[in-house]
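The form predicted on its own is given below as one chain in structure tokens.
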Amino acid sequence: MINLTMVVELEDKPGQLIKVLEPISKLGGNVVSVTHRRDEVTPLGRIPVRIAVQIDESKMDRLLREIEGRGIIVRSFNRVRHAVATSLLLIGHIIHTDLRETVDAIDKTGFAEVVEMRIVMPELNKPSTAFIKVSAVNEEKLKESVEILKGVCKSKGIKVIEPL
């Protein structure tokens, strides 16, 4: 089973969502979440709906064909490579100590990546604070990637605060 996320464009009328959900069910998929915002409208006047699904990888292409065959526009269809994630705080001279090198230490592993980062820099030469989210293929690799990050940060004098 793989995790995937798709965004479909649906007409704003009854019965449209079932056109997407039936093929997922028929192919043995599990719907993890459905998110839509009626206040957003695409250029074609449709409602974008984000659907997260777990399904056998060999059925992905068939699922896409079946949904499109029902007249549904699939705006995006992305396999989610990393199933687990954690968030950490970094405190120190994050920008001045080569942010790219810090992020690349995780991203180049191939089993983990930095998927989100927000930085607050109060003053030019003062320490910054960064919220960083790291995702990985499994719990073991997530722990390994956090240890890599901690090692890089230690060498740069950056404190890492982990969740409890």
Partner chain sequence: MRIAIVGFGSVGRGVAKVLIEKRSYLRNLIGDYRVVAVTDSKGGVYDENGLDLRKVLEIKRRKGSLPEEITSIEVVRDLDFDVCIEVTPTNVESGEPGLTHIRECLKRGIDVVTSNKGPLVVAFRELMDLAEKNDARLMFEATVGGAMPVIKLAKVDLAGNEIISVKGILNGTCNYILSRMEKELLPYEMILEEAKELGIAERDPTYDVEGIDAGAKLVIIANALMGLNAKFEDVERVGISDLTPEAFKVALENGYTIRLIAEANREYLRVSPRLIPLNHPLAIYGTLNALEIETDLAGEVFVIGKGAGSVETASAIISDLICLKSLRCS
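Numbering follows the first chain given and starts at 1. Note that the structure is predicted; figures quoted are calculated from it, not measured.
Just so you know, the form predicted in complex with the partner chain exists too; it's not on screen, but the next bit is about it.
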| query | finding |
| --- | --- |
| Heavy atom of Val120 within 4.5 Å of the partner chain in the predicted complex | yes |
| 4.5 Å heavy atom contact, Asn138 and the partner chain in the predicted complex | no |
| Lys150: touches the partner chain in the predicted complex, heavy atom cutoff 4.5 angstroms | yes |
| Contact label in the predicted complex: Phe111 to the partner chain, heavy atom within 4.5 Å | no |
| Which of 99 to 107, 58 to 66, 22 to 30, 122 to 130 sits within 4.5 Å of the partner chain in the predicted complex, heavy atom basis | 122 to 130 |
| In the predicted complex: members of 42 to 70 within 4.5 Å of the partner chain, any heavy atom | none |
